[in-house]
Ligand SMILES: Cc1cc2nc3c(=O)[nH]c(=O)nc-3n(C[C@H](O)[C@H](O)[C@H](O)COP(=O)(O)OP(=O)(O)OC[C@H]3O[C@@H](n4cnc5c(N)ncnc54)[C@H](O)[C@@H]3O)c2cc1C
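Here we start with a single chain on its own, the form predicted alone, put down as C-alpha cells.
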C-alpha cells in the first residue's frame, strides 16, 4: 500500500524531497543497514565496510546537513520538509539516520558565536566526502538519563559529581574524565560537542557547560565500538580525556545558561528521534502488510483473516498517530525561538513514537510467525532497532518522569492550574 499523507498542504517540492529520500532509503540505506547488522562493531567501521560508501553518498547528497539554512551552506529546508525527509530516511535505517545527525552543529549554529559557526558549522556543511564526523557526548558511566532532565529538582543537586569535568587554567580549559559507551559516532568522530561539568559544588548537572573542539588532541583516547542488540549500524563508544587542553573560546555555553540551553537543545533532538522511530514503525508495518497479502494459511492469504486485519489496523493507526504528533512537535520546535519551544511536547513525541515502534515491530514479527524470528527477516532487525530507541536520547521512563513533573507543576504551556 503506498504511503498516503493526510497533510494535503504538501507542495510539489515537499513531495519531490520525500520521493528522493525514499529512493535513497530503499536503494542504499536498507541494504547497507542489513549488511552492517550482521558484522561485528569493528568490521562495521573498518575501511572496507559499506558504511563508508553510504556515508560518502549521503554527504554528497547533503543528507548530513538537513537542518541548516542556505546562509551556512545547508539546503534551507522548512521544518516540515526536514521532518518529512528524516522520516523517509529512517524507514531505510534508524541507526544510519542517527549516524548522519550526530554532529549537531545545528545547535552551535543556533547558540554559538560567529567564530564557532565559521570554524565548525560552515566546514561541516561544505563537507561532501564524510571527512568531517562529529558527535555529541553527555552520558557518563555513572550518569545516564539524569543528565537530560533540565528543570527536574535533582538536576541542580550539588551532591552530584560527574565523571567528566572541566577547569579553567589561564586561557585554556582542561578536560579530565570519561564519557560512556553510548556516544553516537564516538569511536569515529573527529569533532565533539561535549557536555561537561564545571561547577558541581554549586549546582550539580546544571553547573555544566557545552564545549566544541576537535578530537585530535593529546590526552584524547577512544574505547572499542559498542556491541549491542539493536541499531548495530550505528557506531557508539567511549571517549576518555586525560588532562586535555582546549582553547578558552571552545566554551559554547557556560553554567549560567547551561540548563536553558540543554532544554532548547532537547526540544530539537527529541522530536527528531520520534520522527526516526515513526519511520522505523512504518517500515515494519509495510513489511508486515506485504507479507500478509502473499502468505497463505487456511487456503487464503492471511490478510483475509479477521484477526490479522485487526492487527494490521492497530499497527496502521499507531503509525499515523505517531507521525501526526511528531510532525506537529517537530515543526513547532524547529520553527520557534528557544523560549517558545515546548520540551514536554518533545518528550511526549519521543516516548510515544518509540513505544509505538516497539509495539508495531513486535506485531510485525507476530504476523510473520516463525520466520519473523529468523535473522533473514527484516522484521527481526526492525524489532531490535525499535527496542534500542526507547533508551536513545534519554530512557522513556525518565523522560516521562521529567514531563510529568512539568505538567504536575502546571507548566504554562500545558494544562493551567485551576
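Positions refer to the first chain, counted from 1. Predicted model, so just to flag it, every value in this text is computed and none were measured.
There is another form of this protein, the form predicted together with the named molecule, and it is not shown here; the text below is about that form.
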With the partner omitted here, the residue among 136, 241, 330, 124 that in the model of the complex has a heavy atom within 4.5 Å of the named molecule is 136
Heavy atom within 4.5 Å of the named molecule in the model of the complex, from candidates 213, 334, 132, 182, belongs to 182
Given that the named molecule is not shown alongside this chain, does residue 20 nevertheless sit within 4.5 Å of it in the model of the complex, heavy atom to heavy atom? no
Q. So in the model of the complex, does any heavy atom of residue 119 sit within 4.5 Å of the named molecule?
A. no
_Taking the named molecule as it sits in the model of the complex, is residue 175 in contact with it (heavy atom to heavy atom, 4.5 Å or less)?_
no
request  = Classify residue 145 as contacting or not contacting the named molecule in the model of the complex by the rule of any non-hydrogen atom within 4.5 angstroms, answering yes or no.
outcome  = yes
Given 162-170, 197-205, 231-239, 321-329, the stretch touching the named molecule in the model of the complex at heavy atoms within 4.5 Å is 231-239
Taking the named molecule in the model of the complex and a 4.5 Å non-hydrogen atom cutoff, the residues of 389-403 making contact are 391, 392, 393, 394, 395, 397, 398, 401
